[in-house]
Each structure stands twice: as C-alpha cells, then as structure tokens.
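Take a look at this single chain in structure tokens; it is the form predicted on its own.
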Amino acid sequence: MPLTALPAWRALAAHFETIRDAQMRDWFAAEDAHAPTRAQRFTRTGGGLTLDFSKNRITDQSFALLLQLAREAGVEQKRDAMFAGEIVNPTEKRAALHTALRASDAHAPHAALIHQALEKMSAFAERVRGGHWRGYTGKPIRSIVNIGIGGSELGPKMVCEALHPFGTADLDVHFVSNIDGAEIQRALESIDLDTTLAIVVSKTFTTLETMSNARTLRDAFLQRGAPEAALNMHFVGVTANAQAAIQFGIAFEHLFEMWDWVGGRYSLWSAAGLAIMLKIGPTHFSALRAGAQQMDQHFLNAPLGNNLPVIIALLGIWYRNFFGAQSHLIAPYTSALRHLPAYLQQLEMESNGKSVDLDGQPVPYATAPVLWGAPGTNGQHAFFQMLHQGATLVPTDFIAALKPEHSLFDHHVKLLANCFAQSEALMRGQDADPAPHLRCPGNQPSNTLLLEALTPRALGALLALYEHKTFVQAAVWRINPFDQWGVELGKRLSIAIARALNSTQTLEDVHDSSTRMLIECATHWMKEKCRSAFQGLLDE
C-alpha cells in the first residue's frame, strides 16, 4: 500500500485540516489546573537527554496519529532489521552497522573486528599523546592535520570543537577538506612540519579533494628535505583500500581500516574518528561511544510514544508533509556546537535528500527539508527576525546544556534565558500591540533538547538521536538513507572538467554551452594572466 494510502496518513491529512490554523498559545492558555499540562504530556527523557516538544502544533490526537503512522509504516521492524545487520542499503547491497561501532555486547555484529580496531586506535593515540611517536627529526607530535571531506571531516571536526575542554592542550588539530588551495596553505602556515602528523581519511583513497590535499602536504615534507622513507613517521591512513594507501607511501602497519557497512556520515565512531581520539583520548572517546550506545538502546527498546528519535522524526514529517515546511533550523545554545548544523546537514540531507523510493519509483511527497542553523545567541541578531515576523514556517530545534563548560555562571544564566525566551516568543508571538510593525504572529513550532552538560557521553547520545531520527524518517518515507548517488554524479563530472581545464587541446563538444564557456574563460585567463604560475600545470 502506498504511504499516502495508509489509514494513518489519510487520518492525519483530515486531522490537519481541523487544526491547521489553531494557535499553540490558546492550547497553553486553556490548560486545566487539575490535569497534566502540555509540558507534562509532551516531555520525554531518554538516553540521558530531555525533550520538551510541547511547543509544537499538535494535540493528543495528532500525536496518537503520528505514532500510528510509524507503526503502519513498519518503523519498528525496519529498525530491528538494521540493528540485526540485515541489508538495509539495497542499492549497494549493504548493511548499515554504525550502531555496532559502539555496542558493548560481545555478540553484536563484527564485535571482535571492531574491538581489535579500537585497541589499535587506542594504542596509537597513547603513543602520540604521550610524546612517544616522534617525527623524523626526533621531535614529538604537536599538530594533527586531518585530511578528509564529508563524513571524514564534518563529524570529527564538530566533535573536537564540542569537546575541546576534554582535550589535551599539547595537540592542535587542523582539518583540511576543501580542494580550495587556500585551506591547505593556511594549515601549512600554522604548523611545524617536524611536529606534524597527517591522518588521510578516505574509504577509497581516491577522493579528489582528499588526495590532492594529501599530496600537497607530502610534497611540502619532501621540499623541506625530509627523506621519502621518513614520511611514514608523519602520515597514517584510514581507508578500505590498503593497496592505494601503500602506493601513496603509507606503511601497512600505519593503516586503520574502514568497512563498507559504515557510511561516511555515520563513521565518526570508527577509525574515521581517529583525530577525535587523539584530541580527547581513548577514555573520553569510549564515553562518547557509550553515550551513543545508551541512545541506541533507548531507540531499540523504548515504546514509540516515549522514543525520542521517533518523536522528533514524526514531528519533522508532520511539518514537512502536511504543513509544507521547506526547512528546519538547528539552534544550539552553546558555541561549542557551532559546527553541529553543518554536521547534521550532511547527515540528514545527504541521507534523505531522495526522490525515489526503495522500489525505484518517484515519491509523491516531499522528503528531506533544507537543514540550517547557527549557535544562539548569534542567530538572534541575524535570522531570528525572519522567524518572528516573516511569513515562513520554520520548525526549530533548540539545544542547551544546563551546566556550562566554563566558570562564568552569569553568562550561562543569560544564555539559557535567551534560549527559553526565544522558544516562548516563537510560540506565543505578540498580537496585542496596536502598531502593526510590532506584531509577531507566533505559532512557530520548536523542540527543546536539554543536556545536563556537554560531556562526551551526552554528545554521543545527542548525535545518535539525530542518526536515528534520520533513519525513522527514511523508514516512513520508504527511501534509502544510506546511499548518495547524487554526490557521485558531481564527482564524475568534476573529474572530466578538471581534465579539460588542464588541457591545451580543443575542447570536445561533450559539455553544454555554459560549461564550455566557463572552461574556456578559465583556461584563457590561466594562460594569459598567470602563465608563469600555471605553466607547469598546463604543460602536463
């Protein structure tokens, strides 16, 4: 039966018509003093987190129908299949076992293999952090350069920034992902090669951006006078293609394995998170994994009505498919999570930005919304004006830690006050003022997620929450959240165009007129304006 023909979907569509114009503030105002409040009815805890979803445009009936939709869509069965290691990525015929990376059960899928990999990572991290791993000049490592893109950069970078207070001050971690040469050049200007260790993270070890940056860093060592054999003391690799990494010049014993049953955007719990372990140490990395496992168990075992990932996923479907919301805002009220929106962009939009179902048929409904965000309170002085007085529905996730990671308690009180005030203002609005330009319509929905503190364990739970939210939405929408063929298309085209830019021959008529014009413009400029700088490139 098509999703839109399910009884719950049809009931939700009819129910939506009855409440589409209802005001949340009226529901709060009508609370019965002798009955549970909306906040009591629509607050849940799980995995060490607290979710208040009372400021959403739902009633008890809405919530019940959304849970019914999850059941009819087979969310529980699909969840169990993923945890069991069944093939849930049909286009690539793979399992998706990122949950196994943090499982403590010795009988979990690939448990022995994962334990062995973690042991190797821990031993390596202790050597580097303890000053025992030294560069070719005999100096201990003081800078880590993580070279990777997508899931090989976004997750580790976000976690290293978020957990900075738990890291060692003796190691600076730099992330290089962009093919823009300015990024690797800035890294080179800020490090001492004698005390630098590069982690090259690429499942295939052929990723254009990653390998270009890795070769540039390798060339910098050689140009400085490092013997080629000494590069083994400054480069390690994380890959599923050991042969390519060895050909690059990395010793086999300095390789850490990636597996095809873990997608890049779900991989920070694996060796792809080696930079995290180097920064915060094996003990805190274990706590990060333990927090994720706690959320895994909550997702696996909690009833749907108490299940945090299921709840936020269903609310997202409610707004995307019935209210027509085009985007979703992530507003972490801690600057330590400044990179969280970018990480979640890849997680959700690369996973669920699909327009065909598991059978290859076009889906007749919207899937992933545009996800965006910035830390509060900065956003309040940027885009919150549009939320308060614009004409666009934007559901928001507010994220706050009750305990600060600093000693400036007065600052933290003001930060939390801003967070709670914004969610209240978005819900309540302001209609009483007679001046039209002062009125705010309100009725903007939001969730508030509370962490006791931004610890490795709490962060692990938070990230697993969003992983499972993404999976639940894909399960309801009947799409595959574990492939990314659109990304592959862009990669193929960029390789072809790079060859055209490097060629002095007549451009073949294989591109559209716009692309041919851009290629010709760029090659003409490089030849005429920067001949000396680009001569070597053009002569290849």
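Predicted, not measured: the structure shown is a model, and the values here were computed from it. All residue numbers are counted from 1 along the displayed sequence.
Keep in mind the form predicted in complex with a small molecule is missing from the figure; the text below concerns it.
Engineer: Quick check on this chain: which one of Gln297, Asn89, Thr204, Asn306 has a heavy atom within 4.5 Å of the small molecule in the predicted bound form?
Structural biologist: Residue within 4.5 Å of the partner: Thr204.
Engineer: Just one of Ile149, Met427, Leu217, Ala287 has a heavy atom within 4.5 Å of the small molecule in the predicted bound form. Which one?
Structural biologist: Selected residue: Ile149.
Engineer: Any chance Arg265, Gln484 and Lys491 all have a heavy atom within 4.5 Å of the small molecule in the predicted bound form?
Structural biologist: Heavy-atom distance to the small molecule in the predicted bound form: all three under 4.5 Å.
Engineer: Any idea which of 74-82, 257-265, 411-419, 95-103 reaches within 4.5 Å of the small molecule in the predicted bound form, heavy atoms considered?
Structural biologist: Comparing against the small molecule in the predicted bound form, the contact stretch is 257-265.
Engineer: Wondering, does Thr196 line up within 4.5 Å of the small molecule in the predicted bound form on heavy atoms?
Structural biologist: Heavy-atom contact with the small molecule at 4.5 Å: absent for Thr196.
Engineer: Under a 4.5 Å heavy atom criterion, is Gln346 part of the interface with the small molecule in the predicted bound form?
Structural biologist: Gln346 belongs to the contact set for the small molecule.
Engineer: Answer for Glu350 alone: is it within 4.5 Å of the small molecule in the predicted bound form, judged on heavy atom distances?
Structural biologist: Contact check for Glu350: yes, within 4.5 Å of the small molecule in the predicted bound form.
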